[in-house]
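Next up: just one chain, as structure tokens, the form predicted on its own.
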């Protein structure tokens, strides 16, 4: 079968929900028996988001092959339950770096390098590479930003050319727009959508489907108006009202029959009838009134919750699985250093400290780890959260408050966390950390081994520093257990305290592999311990694998 391509563009405003829409539609097509892949085209000139501040771009989502990507790829993987590759995130920086590299090498034989055709050809090559590497039958391609952004023009031109290259039967354009609500008149307005479509058509792309996002129900006469003025079929104008349940979006799209419309356009037959039983059960469980359990997320970017998107979703997955609702208290670690935020911390039944970089707020995270250790509060440390758990315990075990990570104090007398040997000569920041999927051998009888219920796992990493093996014996004698190691025993991957209900840290990022219908085992074990401490009874929604 010839690969089919669905291209997503955005109009009116950014952050309109293209990523979730693409992910949800991918799930609809997968439910019908098709192998799908998803790609994000990001117009920024950075090579990838790995060096960008979380305040600028939210979290960095890491793939199996070590690619540092946009957080939308997390939506793709969670909704569709696929494992994507670095080919699935393309940036302007990557495209221009490739073309300029070829020019310097003489590959263009002295020709003038221009946006058309050299840049657009490279974009098209990268779009085609997804189907080749994944063998996908349908590829969904999302263009970041909004129509009218100057940075997006080369990508949109490439998409325009692809209709001629691939044929109308193999390409489909979906435009996701926003219907603003005018409070004074109580109306939803379609004019911004009309202008957005006009801008898109001036580039040479006429949308086949329009997804009309709104915070209010969209009446049928508005859909007819959009269809008339934007020159699309009435049934191809899909209302998408905001839902408080993120995972309800596939069900809303299913109800709108968008997948059947797309397959009809592609001249494809459904391979098997979709079964939404498990997904509907998941949404019903989200809506069901459940006992509430309080958990604190202690971070340094808590003003922008998207910086911890995967952590938040992994916590929700585990809570849903156990039949409880988590109330996340967002505690800024720098505020703890100023003796603020402690009232919030003292009323929770569990503490999670996620990853991060830089020295701001570090002592606040260490104080949170000390509070969890001394008060027997369940603690889950992810990457930096694991490293600072080690620092805090070392200060206690070695009776020296100067124990630290060399990331924050190069002169510390006890460098319990130190730069990895293969990182010492690296000066560049982008894409140079220990990145991607690595195996971890679990020690029998530990909390980690019981949670996973297996001897070997593979998890995604993103770090430069690691546990200093010179301190294994010293800290082990005081009650620290190294429950997960690299297969050769050289690298510490998981630490936990033996005389604590749950104080565990992972050098890797387990949140990246959690799924709504298959929560990560460590998150499930953490939330279960939190519920036990809070005196809340749990029940299993799905069987954890």
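Residue numbers count along the first chain shown, from 1. As the structure is a prediction and not an experimental result, all values here were calculated from the model.
Although it is not shown, the form predicted together with glutamine is what the next lines describe.
Asker: Can you work out which of 462, 86, 395, 316 has a heavy atom no more than 4.5 Å from glutamine in the predicted complex?
Answerer: Going through each option in turn, the one that passes is 462.
Asker: Tell me, out of 250, 355, 341, 207, which residue has a non-hydrogen atom within 4.5 angstroms of glutamine in the predicted complex.
Answerer: Here the answer is residue option 355.
Asker: Given a 4.5 Å cut-off on heavy atoms, tell me which of 162-170, 327-335, 382-390, 129-137 is the interface stretch with glutamine in the predicted complex.
Answerer: Stretch with heavy atoms near the partner: 382-390.
Asker: Residue-level question: is residue 407 within 4.5 Å of glutamine in the predicted complex, judged on heavy atoms?
Answerer: Close contact exists here: in the predicted complex, residue 407 approaches glutamine to within 4.5 Å, heavy atoms only.
Asker: Looking at the partner-bound form in the predicted complex, is residue 509 within 4.5 Å of glutamine by any heavy atom?
Answerer: It does: once glutamine is placed as it appears in the predicted complex, residue 509 has a heavy atom within 4.5 Å of it.
Asker: Listed by sequence position, which residues of 262-299 have a non-hydrogen atom within 4.5 angstroms of glutamine in the predicted complex?
Answerer: Nothing in this stretch is in contact.
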